[in-house]
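Take a look at this one chain, the form predicted on its own, written out in structure tokens.
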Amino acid sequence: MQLEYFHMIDRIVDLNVDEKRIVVEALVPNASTIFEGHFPGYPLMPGVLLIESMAQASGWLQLGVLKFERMPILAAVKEAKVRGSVFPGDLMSIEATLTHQGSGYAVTEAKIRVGGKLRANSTLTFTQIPFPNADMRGHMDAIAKRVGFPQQAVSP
């Protein structure tokens, strides 16, 4: 996880396009400038970054379902709950399922667990747009390789 670059996902553990489900992992770094202010002496992963982590897991799921032909963009956080703290050094397991897709948008349900315990969950809505340019697509291809996105899930 590279918080400063908003790279929230370290690796894709499982992508099941037929079940419209993904599991990813993200190791919260032990040191980050974010923790200097959130909070001094008691570093916590900010709730907004937990939501972003669930959104990125949901985005990778959609990229798989869409065969990398369209790009998901977070449009709405319908509901989000932080149910427990996430600390530096915690390994987050993030699961997302696609509950609706059509008319250029999608809805996902996502959960974060640490050590098997639920720490956050959300219902998220996305718009799905064409990749805006070749540079963006190339950037996403490079990140896909880094996180272990299954190449068979990418259209030729």
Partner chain sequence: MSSTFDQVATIIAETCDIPRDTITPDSHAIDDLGIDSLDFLDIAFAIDKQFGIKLPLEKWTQEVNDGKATTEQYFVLKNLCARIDELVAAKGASA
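The structure displayed is predicted, hence computed values, not measured ones. Residue numbers count along the first chain shown, from 1.
Not on display, but discussed next: the form predicted in complex with its partner chain.
- Shown alone, this chain has one stretch from 40-48, 97-105, 113-121, 27-35 that lies within 4.5 Å of its partner chain in the model of the complex by heavy atoms: 97-105.
- Although the partner is absent here, residue 125 lies within 4.5 Å of its partner chain in the model of the complex, judged by heavy atoms.
- Proximity of residue 81 to its partner chain in the model of the complex: non-hydrogen atoms within 4.5 Å are absent; the residue sits far from the partner.
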